[in-house]
Each structure stands twice: as C-alpha cells, then as structure tokens.
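Below, in structure tokens: the form predicted on its own, a single chain.
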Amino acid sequence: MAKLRDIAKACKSKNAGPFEITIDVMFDDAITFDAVCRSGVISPALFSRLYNVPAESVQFSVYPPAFAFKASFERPIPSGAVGDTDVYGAQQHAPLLDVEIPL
C-alpha cells in the first residue's frame, strides 16, 4: 500500500467561501490516477469519515483530464469565527496525507 502523500502530485485545501472547505487531490499521470480510481478509496465516504460530515453532504467530483479529485464540504466552524483554527482552510488536507491506497 502507498500513502497518498507519496503518490499524489498535489493535495491542497482552501476555503470555498466562509462556510465550506474544498480539497483537491491531483496525480502526475493517468496510470497512477486510474489505479487510485479503481481502488475506490478516494470517495465521499472517505471525506465523511475523516472530516466527520455526512457522506451525502460531500460534493465530490472526479476530473480525469487533470488526473484529479475534488471534494467540498461544510466547515465545522465558519472561517474567522471564534474557535476557528485555520482561517484560510489551508491545512485541512492534512488528514488525507496518511490515507493508504492499495496499488
């Protein structure tokens, strides 16, 4: 098994407005991207589990021309509100980095 951190070209997060986070995972080539797709690991269920949100609320898309996945979901605390620890949403991708992908 390979960790996502070792096979992804980029894994990044950012705000999608003050109430949502969006996460992008991109790969260098079609071979790796296709293998990750076939594994079924990167899915709404994964984001639901890692970020404690309902799977049906995860807006998830696969974009083969860019060898990429995108997921957006509600932030637990709005950006800049009391208790928010990541105003820009730039550190929210971290839980994905240790996800193991069977290749």
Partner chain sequence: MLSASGLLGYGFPEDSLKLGMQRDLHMVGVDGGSSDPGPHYLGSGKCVNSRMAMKRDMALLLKAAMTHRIPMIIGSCGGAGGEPHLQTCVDILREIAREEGFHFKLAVIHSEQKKDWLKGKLAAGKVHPLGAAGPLQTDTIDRAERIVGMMGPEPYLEALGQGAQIILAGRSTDPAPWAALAMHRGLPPAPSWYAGKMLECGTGAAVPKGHDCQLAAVGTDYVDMEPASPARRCTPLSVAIQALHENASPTIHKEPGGMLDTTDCRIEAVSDRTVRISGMRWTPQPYTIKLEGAELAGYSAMTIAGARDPGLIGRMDEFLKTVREAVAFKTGGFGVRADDYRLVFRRYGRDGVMGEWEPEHDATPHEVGLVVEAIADNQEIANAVIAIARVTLLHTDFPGRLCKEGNMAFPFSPSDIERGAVYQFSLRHVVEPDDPLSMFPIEYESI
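Positions refer to the first chain, counted from 1. This is a predicted model, so every value here is computed, not measured.
Although not depicted, the form predicted in complex with its partner chain is the subject of the following passage.
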Task: Contact label in the predicted complex: residue 33 to its partner chain, heavy atom within 4.5 Å - done: no
Open item on the list: Given that its partner chain is not shown alongside this chain, does residue 54 nevertheless sit within 4.5 Å of it in the predicted complex, heavy atom to heavy atom?
Closed with: no
Task: is_contact(residue 21, its partner chain) in the predicted complex, heavy atom dist at most 4.5 Å - done: yes
Open item on the list: Can you tell me if residue 43 lies within 4.5 angstroms of its partner chain in the predicted complex, counting non-hydrogen atoms only?
Closed with: no
Open item on the list: If you apply a 4.5 angstroms heavy atom cut-off, which residues in 65-90 are near its partner chain in the predicted complex?
Closed with: 65, 66, 67, 68, 70, 72, 73, 74, 75, 76, 79, 80, 81, 82, 83, 84, 85, 86, 87, 88
